[in-house]
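Here's a solo chain for you in structure tokens, the form predicted alone.
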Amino acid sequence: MRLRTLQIILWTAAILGTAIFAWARWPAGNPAATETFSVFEPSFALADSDGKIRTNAEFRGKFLLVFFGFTNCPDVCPTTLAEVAQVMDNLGPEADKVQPIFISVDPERDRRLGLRAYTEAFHASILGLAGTEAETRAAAQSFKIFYGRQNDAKSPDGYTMSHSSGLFLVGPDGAWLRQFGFGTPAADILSDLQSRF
């Protein structure tokens, strides 16, 4: 019972943190706030399943849908990746304008478990990345998200990961455009993307 209460508190904190971040990033009515908002450019340099370092710069010209998670995630990660897969299917021939990216917050274990197999189970276009701890931390800080290891005797290997649950949209110029909250339907994400093409 105490473990369940702790999990509820952590998830509530994660959702609240995500909401505060989204509110803080939303441009106010003055030009200075809009200018600050528009120059926010998240970055990453992380290895793919073949060990090749992939960076945000190589995807210039495409929209990025970026999600941070881990393969043992019981609910948030598979739900979000299923929505992303639906978006990619529904984009049809316009799917080549979008690159979905899954960044592991549990890179050592996810590499061992098979990150490529995990992402491809949702959609072949989702690129899974798992860097070193330092690279992962740098990417998370760039996107202004949090994650952390949490001991849990009932989870595989005795721990789970808490993390921000937002799906991030980055524009073709590398600028952060918006965050979709957890549970945003695929139809809403699709509509937003298509309005930007």
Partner chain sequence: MKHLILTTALLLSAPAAFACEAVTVGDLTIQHAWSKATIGADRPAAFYVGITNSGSSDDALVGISTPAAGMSMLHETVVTDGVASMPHAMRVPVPAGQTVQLAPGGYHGMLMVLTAALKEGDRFPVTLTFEKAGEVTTDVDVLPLRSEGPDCADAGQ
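Numbering follows the first chain given and starts at 1. Predicted model only: the values in this text are computed from it and were never measured.
The form predicted together with the partner chain exists for this protein as well; it is not shown, and the discussion that follows is about that form.
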For this chain shown on its own, do Ser49, Gln141 and Pro172 all sit within 4.5 Å of the partner chain in the predicted bound form, going by heavy atoms? no
Report yes if any heavy atom of Ala121 sits within 4.5 Å of a heavy atom of the partner chain in the predicted bound form; otherwise report no. yes
Give a yes or no for Asp75: in the predicted bound form, does one of its heavy atoms lie within 4.5 Å of a heavy atom belonging to the partner chain? yes
Though only this chain appears here, would Asp89 touch the partner chain in the predicted bound form if you measure heavy atom gaps against 4.5 Å? yes
Just checking whether Ser164 would be counted as a contact of the partner chain in the predicted bound form - the rule being heavy atoms within 4.5 angstroms. yes
Among 131-139, 57-65, 148-156, 40-48, mark the stretch whose residues have heavy atoms within 4.5 Å of the partner chain in the predicted bound form. 148-156
